[in-house]
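Shown below, as structure tokens, is a lone chain in the form predicted alone; questions about how it binds or moves come after it.
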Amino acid sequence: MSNYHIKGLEEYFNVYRKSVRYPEKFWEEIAEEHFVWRKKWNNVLSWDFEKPAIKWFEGAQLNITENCIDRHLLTNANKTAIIFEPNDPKEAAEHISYGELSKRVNAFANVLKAQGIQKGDRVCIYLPMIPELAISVLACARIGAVHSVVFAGFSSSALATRINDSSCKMVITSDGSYRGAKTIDLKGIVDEALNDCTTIESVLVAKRIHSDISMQEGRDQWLQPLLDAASTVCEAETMDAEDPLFILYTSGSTGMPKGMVHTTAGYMVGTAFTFKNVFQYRNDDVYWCTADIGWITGHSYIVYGPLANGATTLMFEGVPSYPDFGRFWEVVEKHKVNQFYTAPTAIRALAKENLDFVEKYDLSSLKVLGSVGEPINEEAWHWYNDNVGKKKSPIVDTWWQTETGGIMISPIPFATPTKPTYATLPLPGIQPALMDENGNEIKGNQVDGRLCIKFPWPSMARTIWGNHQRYKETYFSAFENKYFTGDGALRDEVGYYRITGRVDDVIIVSGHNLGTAPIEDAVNEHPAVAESAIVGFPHDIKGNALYGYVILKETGEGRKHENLRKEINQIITEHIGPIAKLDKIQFTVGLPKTRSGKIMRRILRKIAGKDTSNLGDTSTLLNPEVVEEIMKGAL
């Protein structure tokens, strides 16, 4: 047997050594023994980081849904594949077995085909966390259509940008969504987005909130009647290993979001292997990742990774604070959850509330706790460890990215000793390197630098949709022959890694990667604004919040600054979504700029974070006097 399921520290080191010495052999054994293939590969790996061109399991043929569904039907057709836990705890949870999932995915796949969707076509999915979201993703994969899920909290203009960038033919949405006590008009947002889209031929609408919505003749159709009429048998399309499986957009530090393309075979092998090990999943466990499928965490660790392992995966529609701050723990008790995977933002928000919210529930089923989206701070780590895990469930602080497809650095529970704020050790097959500013690798321990990966791994993104040059420039140009993560990291005396944050202009707010450039572009559209600069500052719950420095075209007290603040945040909400709103907006006469006109953001970051004791070298500033002004007006 290959080392698919690692159970101890010594075994981890043995497997890791083998995976680095003989990477092709390592991944080939895993691929061969744990998945079904229609045709075996001719070549395990070919790669060139210069181009960059990476191919895994070349020549192999498969369909990922046969690995996630069909192969479990022989022995586990009655096992629960997906538990759907609705927003309102009074609404009954739904248990979807592997047998039922198979029928529902096939029916949906047949609906897509009847609507003219073919292999290679792009389908945009803009749905709340309801079963149709997971089912539509799998239905696309079944017929070889490329799914592009857009988080249903994005604005109409952000949705339109993503539809247009990949020329989607169809949108799958719902009449609306529930979010705590609120409802959101998703169909209205789609209608607005489609005013600016020319490639959409059809819109399928699921009923969720049963609201009155407008349906456009010839374009919009209710989903359920189509599903009711469809056959529940659908032959899976034969896919090549390197065929695109999905596109998922991630914030760029400049302008346009980047459509990361993940392919079929390597992504499947990578997500399945990491899921099994990082969560130490056993056959009858109930696993819950609280993310939205609109993010990579949901793709890899709600849908594909768990289902490829025949797991029971929980989908949660609600929010941690509704109807009260005990909701997560109520769900854990109700479904006897064994592995729980959430974001530091949620943990920090819950840690502020009364401990009674946690203590009134039985959390004894929990075996492993996970953290994702940003490094977890020490205080939140201890609260989570003491109150949720009761000091017996190890915390896996996972580091990875949309671009990496799967977890890269993480403890393996019950094997790797954990250390607060550290992602600890690389998973088998992952070869990290810390680089200095001159492009040299920093060897040894107790060092810090820029985090790169020096050898390909199966689940890595292959390109940016429609823009391979940008993929090369973003990830492979900073350091020769290495993938640059965009993150800084330090390595401690035993070789554990701690991620220290982004080194570019991307700020992680509540686990969401937000590029500052698109937010600044939105702010600058306000007729009263001349220029703006956005930086992050530490925030108790979100980890980071956004601070905007705004120069107005006309100064003068006549303007109502409070109204302006509201209007600026309204524009941001319309262009990007409410997740990108600014917590603080400071109106200023100027911004600190170098002689070449570059805004010196590190100074703005220090002022926003109230850390002005040492602003560093300001001698290169064109206008050093503006720094004093900004400090005086700091909020």
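All residue numbers are counted from 1 along the displayed sequence. Because the structure is a prediction, the values reported are computed rather than measured.
In what follows, reference is made to the form predicted together with a small molecule, a form of this protein that is not presented.
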| item | value |
| --- | --- |
| Option from 374-382, 117-125, 523-531, 544-552 whose residues, in the model of the complex, bring a heavy atom within 4.5 Å of the small molecule | 374-382 |
| Leu186: touches the small molecule in the model of the complex, heavy atom cutoff 4.5 angstroms | no |
| Close approach of Glu132 to the small molecule in the model of the complex, 4.5 Å, heavy atom | no |
| Proximity of Asn513 to the small molecule in the model of the complex, heavy atoms at 4.5 Å | yes |
| Ile296: touches the small molecule in the model of the complex, heavy atom cutoff 4.5 angstroms | yes |
| Listed residue (Asn106, Ser174, Thr398, Asn277) with a non-hydrogen atom within 4.5 angstroms of the small molecule in the model of the complex | Thr398 |
| In the model of the complex, the one of Ile499, Ile209, Ala351, Val261 near the small molecule [non-hydrogen atom within 4.5 angstroms] | Ile499 |
